[in-house]
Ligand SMILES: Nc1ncnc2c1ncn2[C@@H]1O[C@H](COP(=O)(O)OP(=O)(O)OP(=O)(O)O)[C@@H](O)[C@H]1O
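In C-alpha cells, one chain follows: the form predicted on its own.
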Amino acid sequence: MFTLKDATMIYDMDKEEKVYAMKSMNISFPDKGLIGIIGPSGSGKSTLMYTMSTLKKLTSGEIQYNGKSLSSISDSEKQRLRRNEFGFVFQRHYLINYMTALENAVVAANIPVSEARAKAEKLLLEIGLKKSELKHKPTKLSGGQRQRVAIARAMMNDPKVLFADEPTASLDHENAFLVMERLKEYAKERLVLVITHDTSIIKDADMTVKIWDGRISDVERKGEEA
C-alpha cells in the first residue's frame, strides 16, 4: 500500500546546520496489519506519519500510496484521501468543547446522521466509555476518555489506513489494553500504524519499525527472529 523511496525531510533548510527528521528512508508497508513504529523523541516517528498522510511534504524522495506518488497528486485529492481513506489519532485529542462525546465522534462522518450516531455509540462503548458518558462534553471527561472519543472519531469512516500517534499515552494500563485490542481487531482488515514509546502495547504487532536519528534502524516482522 505504501512504499517509501529515499524519503527525506529536512527542517531549517535556510540554515547552515540543517535538521534531518527523515534520512533516505526506504521501506514498504502491507495493505493491512498492525504496524508499530518506535524510537526516542525526535527520532522522526511523527514526521514519518505526517508525510505518509500528506500532512507534510517531503524535501526529497518519494512516498507512493497504491502505486501513485503522493507528491504528484493535487491538494484536493490529498484532502479526499484524508477524509475518506485515512483516519487520525493524534497525541492531543482536538475535540470540540461545546459538543458531547457522541457529537464529537460523528462530526466528520460521511454517512447519514442517524446511522453515524448508532455507529459512534457502538464504537465508544467498545473502547470503554459508559453509556452515561456519551452526553458529556470534553471538559467533563478525563484525558483518557477524551482520547477514546478521538479514536472512535478516527474509525467512523472505516479508513483504509489509521494513523495513531501515541494513542494510549493518556490511558491507564487496563484502558490502554482495551484500546489496543480494538486497534488489533481493526488491523485484521485495515492498515494501522501506531507510533509509540511503549513497546508493550505493540508486542503483538505484525511489523515493528525502529527509527533512530531519522533513519530506519531495524524492521521486525511477526514470526521472524529479532
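Numbering starts at 1 and runs along the sequence shown. These figures come from a predicted structure and were not determined experimentally.
The next section is about a form of this same protein that is not shown, the form predicted in complex with the ligand.
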property	result
The ligand contact in the predicted complex: D12, any heavy atom under 4.5 Å	yes
Contact of Q91 with the ligand in the predicted complex (heavy atom, 4.5 Å)	yes
T47 within 4.5 Å of the ligand in the predicted complex, heavy atoms	yes
4.5 Å heavy atom contact, K188 and the ligand in the predicted complex	no
Which of 171-179, 156-164, 57-65, 34-42 sits within 4.5 Å of the ligand in the predicted complex, heavy atom basis	34-42
Candidate from I216, M207, A21, I202 lying within 4.5 Å of the ligand in the predicted complex - any heavy atom	A21
